[in-house]
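Okay, so we've got a single protein chain in two different forms coming up as structure tokens, structure 1 first and structure 2 after it.
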Structure 1
Amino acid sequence: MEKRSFDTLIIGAGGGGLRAALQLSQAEARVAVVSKVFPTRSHTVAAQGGVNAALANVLPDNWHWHMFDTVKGSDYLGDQDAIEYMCRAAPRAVYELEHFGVPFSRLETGKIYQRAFGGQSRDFGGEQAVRTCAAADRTGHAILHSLYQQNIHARTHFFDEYFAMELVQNQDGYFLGAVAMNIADGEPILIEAKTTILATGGVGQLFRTNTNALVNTGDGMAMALRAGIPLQDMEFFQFHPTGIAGKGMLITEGARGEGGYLLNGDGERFMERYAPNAKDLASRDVVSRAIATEVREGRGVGPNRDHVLLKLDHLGADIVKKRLPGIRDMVMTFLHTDPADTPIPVYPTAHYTMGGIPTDRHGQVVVPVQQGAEEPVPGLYAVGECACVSVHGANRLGGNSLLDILVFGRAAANHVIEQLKEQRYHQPIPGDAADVALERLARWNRQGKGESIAALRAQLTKAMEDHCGVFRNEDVLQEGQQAVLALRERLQDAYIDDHSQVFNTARIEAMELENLVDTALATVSSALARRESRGAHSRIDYPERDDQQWLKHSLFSLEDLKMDYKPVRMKPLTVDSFPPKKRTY
């Protein structure tokens, strides 16, 4: 098997991976980035609305207000030290992007344009803040392309269209790289590294209707699970309130930030009943539940009364074309209507994984030890949506995901740079370290007649949508867990279609399904265990938030489907903490 050696291996070429790679390459580390798609096709490219930073370019603002909104938005499950770190670092992160060449939209003064977004306030819960820095409605696209170009300039080494299969570690639990497969020819390669950073993104493909790219199959999370690392807070899956009804494509929160609003089948602006102050710019979990409730109670729109409308036509064609050009193009392509003239049919759609691989604020993967303490896993880091740092807690605020990948991508790289100073040489890799990956690859060499991968994946995504959606209860979650366990069992006997013309792609789809099944099990098991409603996790049978019993992070391990818990870090770095209180908008 071919073997290559680097200082750092980064798995995933989205914003988190590329921001870490750039920091490391500029520090003259030898960096390899493995990506199963060409880097600028990573899912960061789909982020629309913007990146949060208290620049105060439009209205007065400061990072402390941003921190309050993020803690409140997380339904008090976010770790307040990490949230303070992120919000304080936000302005610098945005100015760095500006210097990397990101073409932000501009105010007439020449400063970076900022728009209103949900869950944001001034003066600790007062009037609406204007905090989200935007490049029209293609902010992620602008950021990802700029970071990729900067990495090319910094001579980062890319393994494009390679699929990472398994992490490699020695007997002491030190992570030493990974085994990947070249998608073009199916050959495995061992990439040896002193440190490994997982930046593989989220797992939106768990649900049949979602906003995510087909590549978002939780590969990094599943690799960590199989390596014995628990996943944290997987029950908290964000449903974005405004996906195109029946299709799932994302309509950015920026559409409401520009002045759009929601209407039910009676022509009523119903958000005034659910969030009298913030209205259509309440937190995402609040708006998603409101839309689902309107439809469930018979006040939906359309022949089947199964969606609501997002109204933008009152803004005028000029604003829609200037501030929301990508949304207009998408709606015209998929619905054949112009949002400048006709309201958009919308319904909540699976969007973002708040949980993931547990890390500290330096991006180090951490695991629990005795007496509730944690210790870092040697040689392993995680950043972005596959990680849980946890700045999003039970619900992420719009505009904080791009901020998360930038701030913690940079923080992880800075920590790795210090580690590399102490570790000048590679540790020996055990002779059998790659065996698990090679067995997995060999298993999917078999073609024949049997259950097909595509059919099993369709059943999994339907099971998750039916049993682990916006509203949940004990019986439905138990059925969901049993359905996922049964699919996991059936996957052992599945075959690749013996008529498959694209064999390597078919093998990757099989391995992606293995990753999806494991992360689905983590998600539904964690949701079944948490008997309260908090943020995006809404239990009909336990409708209230329970801080006495459940102000804690969940940890799911694959071995025996074990659930464990650890405390939320309530103490910030330099300021007073924000204690839990009733969350209203």
Structure 2
Amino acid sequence: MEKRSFDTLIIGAGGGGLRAALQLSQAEARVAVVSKVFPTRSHTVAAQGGVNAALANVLPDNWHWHMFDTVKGSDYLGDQDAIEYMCRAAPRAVYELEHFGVPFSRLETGKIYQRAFGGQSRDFGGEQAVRTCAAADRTGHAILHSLYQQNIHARTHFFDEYFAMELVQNQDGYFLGAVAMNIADGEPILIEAKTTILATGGVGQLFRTNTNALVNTGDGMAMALRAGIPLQDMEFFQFHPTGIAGKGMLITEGARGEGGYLLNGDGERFMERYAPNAKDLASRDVVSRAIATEVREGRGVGPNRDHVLLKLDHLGADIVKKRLPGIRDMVMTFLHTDPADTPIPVYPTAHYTMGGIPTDRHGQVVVPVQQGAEEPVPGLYAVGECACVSVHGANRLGGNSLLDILVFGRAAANHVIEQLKEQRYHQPIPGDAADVALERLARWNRQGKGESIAALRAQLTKAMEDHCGVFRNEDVLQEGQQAVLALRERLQDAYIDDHSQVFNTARIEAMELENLVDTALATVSSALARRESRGAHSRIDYPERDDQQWLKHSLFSLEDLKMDYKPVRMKPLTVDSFPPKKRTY
């Protein structure tokens, strides 16, 4: 098997991976970045809204207000030291991007344009703040392309279209790189590194209806799980109430803001029952749960009664065309209908993974050691949506995830740079280090007849949507956990027909499904265990937040499906702690 050596291996070329890579390459470290798709096709390109930083270009602002909003938004599950660090670092992260060539939109004063987003306030919960920096509606695209160009310039080594399969570690638990497969020819390669950074993004593909690119299958999270690292806070998954049913793309709140409303299969405007005052403009979780409840109780629309309708046609063609052009283009493209004439089928859509691989604010992966405090795992880091640092806690604010990937991508790299000074040589790699990965590859090359990967994936994502989506209670979650365990068993008997070596997408999809199943198990098990409602995790049977018992992070391990917990870091770096308060907006 081919073997290559680097100082640092970064798995993932989204904004998080590329920000870390750039910092390291500029410090003269030898850096390899592995990405299963060409780097500029990473999911970061999809981010349109922008990135938060208290620049105060439009209205007065400061990082401490930003910190308050983030802590409150997290429903007090975010770690306050990491949140302080991120909010303080935000302005610099944005100015750095400007320096790297990101073409931010401008105000008339020439300063960076900022827009208002939900959940942002001035003066600790006062008036709306204006904090989100944007490059037109292409912020993610601009960031990703600029970072990629900078990395090429800094001579970062790219393994484009390589699929990372398993992490490599020695007997002492020291991480030494990973085994990847060149998708173009099916050849495995061992990439040896003194430090490894996981930056593989989120796992939106867990749910049938989601807004994420197909690549978002939680590969890094699953690799960490299989290597014995627990996943943190996986029960917290952000949903948006209105995605196009069966497809997932988001229809913004703006559609309901303009006067659109929801109808069930009986033609009833059901939101009046759930939220008599706010109706269709009630908060996201209320609307999401109402839609799921209508469908569960048999009042859905369509042959399978599995969605509801968003009605806009009463607004008149003029308003729809003028005020909602983006939504109209999307619906016409995918459904071949015009929302000015025909209501849009919608269902809650999975959007963002708050949980992930537990890290400290230097990006070091941390695990609990016996009864004592947690300790860094030697040689392993994680940044971005695959990590849980945790700045988003139980609920992420819009515009904070691009910030997260930039700030902690850089912070992790700086920590690695210090580590590399002390560690001049590679540690020896055990002879059997690649065996697990090679066995996995061989397993999918075996001939036979069995279940199809596509069918199992469809069943998994349907089970997750029905049993671990926006409608959660003890029975539903228990059934969900059983369903995922059964699918995990059945995956053992699956085969693929295609054993070619060149760009074998079937084999990649089989390995992606293995990753999805493991992260699904983490998600549903953590949701089943948490008997309270907090942020994005809402339980019908435990509707209140319970700080007495549940102001703590969940940790799920694959071994024996064990749940463990650790305290939230309530103490910021320099300022006073924000104690839990009831979260009202």
Ligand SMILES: Cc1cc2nc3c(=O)[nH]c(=O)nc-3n(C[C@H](O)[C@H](O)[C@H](O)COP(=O)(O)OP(=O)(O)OC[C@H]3O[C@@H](n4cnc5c(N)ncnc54)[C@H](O)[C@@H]3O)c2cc1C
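C-alpha atoms forming the largest set that superposes within 1.5 Å between two forms make up the rigid core. Reference numbering: structure 1, starting with residue 1. In this text the structure is predicted, and so the values were computed from the model without any measurement.
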Legend entry - Chain form predicted in complex with the named molecule, by structure number: 2
Legend entry - Residue marking the hinge between structures 1 and 2 [rigid parts; choose from 188, 349, 539, 196]: 349
Inset, instruction - Give me the angle, in whole degrees, that the smaller rigid part turns through against the larger one between structures 1 and 2. - result: 34
Inset, instruction - Fit the two forms on their core, then tell me the C-alpha shift of residue 285 between structures 1 and 2 in angstrom. - result: 4.8
Inset, instruction - Mind pulling the C-alpha shift for residue 370 between structures 1 and 2, with the rigid core superposed, in Å? - result: 3.4
